[in-house]
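Form predicted alone, single chain, as structure tokens, below.
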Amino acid sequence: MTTKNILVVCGTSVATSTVVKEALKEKLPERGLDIGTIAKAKATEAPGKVSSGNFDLIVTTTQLNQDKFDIPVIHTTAFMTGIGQDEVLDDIAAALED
């Protein structure tokens, strides 16, 4: 399996994205995924960071115009509420499969 890189996006790239990043670092390897970089960005920074070609997926807690990205975008608040985390992790795993 190829190492996958994830960009976590929230409004200010401070608290919410940190919670999501830490949850992904903990939970995704448990699902057998080879995760490389999990970076954070503000919503306004996301297009520029994704254009580098270094990311395979965006996980966001804020609305993004998905048409601006050529990689999958998963919008979720599950890591903040605790509701639906397993389903979102399944969606993330599916999006990252080769």
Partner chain sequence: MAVPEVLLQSGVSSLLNSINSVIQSLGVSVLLPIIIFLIALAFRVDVLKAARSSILIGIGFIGINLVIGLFSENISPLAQQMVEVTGITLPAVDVGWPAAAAIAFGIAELGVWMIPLFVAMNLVLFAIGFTYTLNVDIWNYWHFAFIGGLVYMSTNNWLYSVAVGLTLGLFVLVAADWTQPAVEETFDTPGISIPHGTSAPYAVAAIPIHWAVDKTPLGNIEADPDAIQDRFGILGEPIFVGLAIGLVIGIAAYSNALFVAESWYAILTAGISFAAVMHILPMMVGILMEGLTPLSESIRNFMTSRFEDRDMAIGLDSAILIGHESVIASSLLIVPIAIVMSIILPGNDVLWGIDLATFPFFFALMVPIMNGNIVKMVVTGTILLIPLHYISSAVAPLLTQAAGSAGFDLAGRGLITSPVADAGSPATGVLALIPAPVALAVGLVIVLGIWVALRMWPQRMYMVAGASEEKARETVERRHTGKGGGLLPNKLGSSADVTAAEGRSDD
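Source: prediction; values computed, not measured. Positions refer to the first chain, counted from 1.
Heads up, the form predicted in complex with the partner chain isn't pictured, but that's what we're talking about next.
**Student:** Just to confirm, residue 58 within 4.5 Å of the partner chain in the predicted bound form by heavy atoms?
**Tutor:** No, residue 58 is distant from the partner.
**Student:** Mark residue 52 yes when one of its heavy atoms lies within 4.5 Å of a heavy atom of the partner chain in the predicted bound form, and no otherwise.
**Tutor:** Looking in the predicted bound form, residue contacts with the partner chain do not include residue 52, since no heavy atom lies within 4.5 Å.
**Student:** Answer with yes or no whether residue 11 is in contact with the partner chain in the predicted bound form, where contact means some heavy atom within 4.5 Å.
**Tutor:** Contact with the partner chain, yes.
**Student:** Contact between residue 31 and the partner chain in the predicted bound form at 4.5 Å, heavy atoms?
**Tutor:** Judged by the heavy-atom cut-off of 4.5 Å, residue 31 is well away from the partner chain in the predicted bound form.
**Student:** Suppose contact means any heavy atom within 4.5 Å; which members of 20-45 contact the partner chain in the predicted bound form?
**Tutor:** Heavy-atom contacts within 4.5 Å come from 22, 25, 26, 40, 42, 43, 44, 45.
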